[in-house]
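First, one chain by itself: the form predicted on its own, in structure tokens.
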């Protein structure tokens, strides 16, 4: 049965694209107007309609005015339910899309910004790649809907079409509409799991050195040849021997100047994976990095924004 339903759905999408989806991606904002909101009775709504028909026939056959009045009232409620289901989507507008950051094969968080018109939109469902989220949009306000987008490889990935639907208020009717935003998200490359560190130049491999700074690191016993100006006279007065101040110079922060050309023996994707790993390791310890790529030279920097800039540049490589 599910296979037959999928074949029927595929046939409908081929033969009735205007009813099941919009072929071409659309630029933002996307507004759901009356010509793109569709509505059909649900299974519950169909059974309820048959029940009303049976009640109507019984009331007419037996001339039962009370039963006829009840049938008419239920029929009116059913018609009102159809109108409410339609209005739950009509006028809803997708105004913006915000994307998060994700490495290939991980889920990326995207946020859809919906704006409501002069009435509220209650119990709207959004389906994307088998994922369903429910939200409501109060009148004249913006509502943020968060979805997780599955990614497969680095680079630009277009958003799939999204189905918005609602069975509000009592589930008698199913209203839906398709939106296909003309929007793509940038997926970062996956770093290699392990590998060698970058080759550094000698001038960057500075270590902690003593007697060359201005901050006192410790006191130690006097040794022959120590300068007299380094003797801690006040501290020595409380001891039996002389003490000398040890001065410390802070360790110079190691800089990584990463170069695409230095990895020429590797394939392009292997180079990207290695550079991504080095950038991640440098960002984890706050190490300044510079990155040279074909067509882009990123100057020395550090911090989250610099890391994002470098990873975006790697993701955009052909």
Partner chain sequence: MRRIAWFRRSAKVPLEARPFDLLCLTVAVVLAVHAPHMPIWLAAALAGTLGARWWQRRRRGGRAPALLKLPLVALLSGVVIFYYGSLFGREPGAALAVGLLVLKLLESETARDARVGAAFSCFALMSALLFDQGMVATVLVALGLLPALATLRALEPTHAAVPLPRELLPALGLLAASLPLALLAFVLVPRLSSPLWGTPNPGQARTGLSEDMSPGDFTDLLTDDRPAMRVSFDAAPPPTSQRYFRAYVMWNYDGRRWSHIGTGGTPGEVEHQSPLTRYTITLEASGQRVLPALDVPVEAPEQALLSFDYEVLSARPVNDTRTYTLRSASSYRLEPRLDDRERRRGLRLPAGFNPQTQALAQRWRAEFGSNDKAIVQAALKLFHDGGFSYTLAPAPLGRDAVDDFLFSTHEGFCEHYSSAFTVLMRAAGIPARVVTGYQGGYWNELGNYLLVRQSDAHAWSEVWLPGQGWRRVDPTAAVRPERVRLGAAAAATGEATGWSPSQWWLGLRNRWDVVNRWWNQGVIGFDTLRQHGLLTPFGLRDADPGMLGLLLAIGGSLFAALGLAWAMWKRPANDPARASMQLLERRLASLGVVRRHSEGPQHFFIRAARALPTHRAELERLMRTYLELRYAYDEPPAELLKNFRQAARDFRPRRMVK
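Quick caveat, the model's predicted, so the values are computed rather than measured. Residue numbers count along the first chain shown, from 1.
Quick note: we don't show the form predicted together with the partner chain, though the next part is all about it.
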With a 4.5 Å heavy atom cut-off to the partner chain in the model of the complex, the contacting stretch among 260-268, 43-51, 275-283, 288-296 is 43-51
Worksheet item: Judged by heavy atoms and a 4.5 Å cut-off, are 125, 134 and 142 together in contact with the partner chain in the model of the complex?
Response: yes
* To do: Mark residue 161 yes when one of its heavy atoms lies within 4.5 Å of a heavy atom of the partner chain in the model of the complex, and no otherwise.
  => no
Although the partner chain is absent from this view, report whether residue 28 comes within 4.5 Å of it in the model of the complex, heavy atoms only. no
Any of the heavy atoms of residue 240 lying within 4.5 Å of the partner chain in the model of the complex? no
Query raised in the report: Would residue 98 sit within 4.5 Å of the partner chain in the model of the complex, counting heavy atoms only?
Result: yes
Checked 170, 184, 231, 150 for heavy atoms within 4.5 Å of the partner chain in the model of the complex; positive is 170
Of the residues spanning 47-67, the ones with some heavy atom within 4.5 Å of the partner chain in the model of the complex are 48, 51, 54, 55, 57, 58, 60, 61, 62, 63, 64, 65, 66, 67
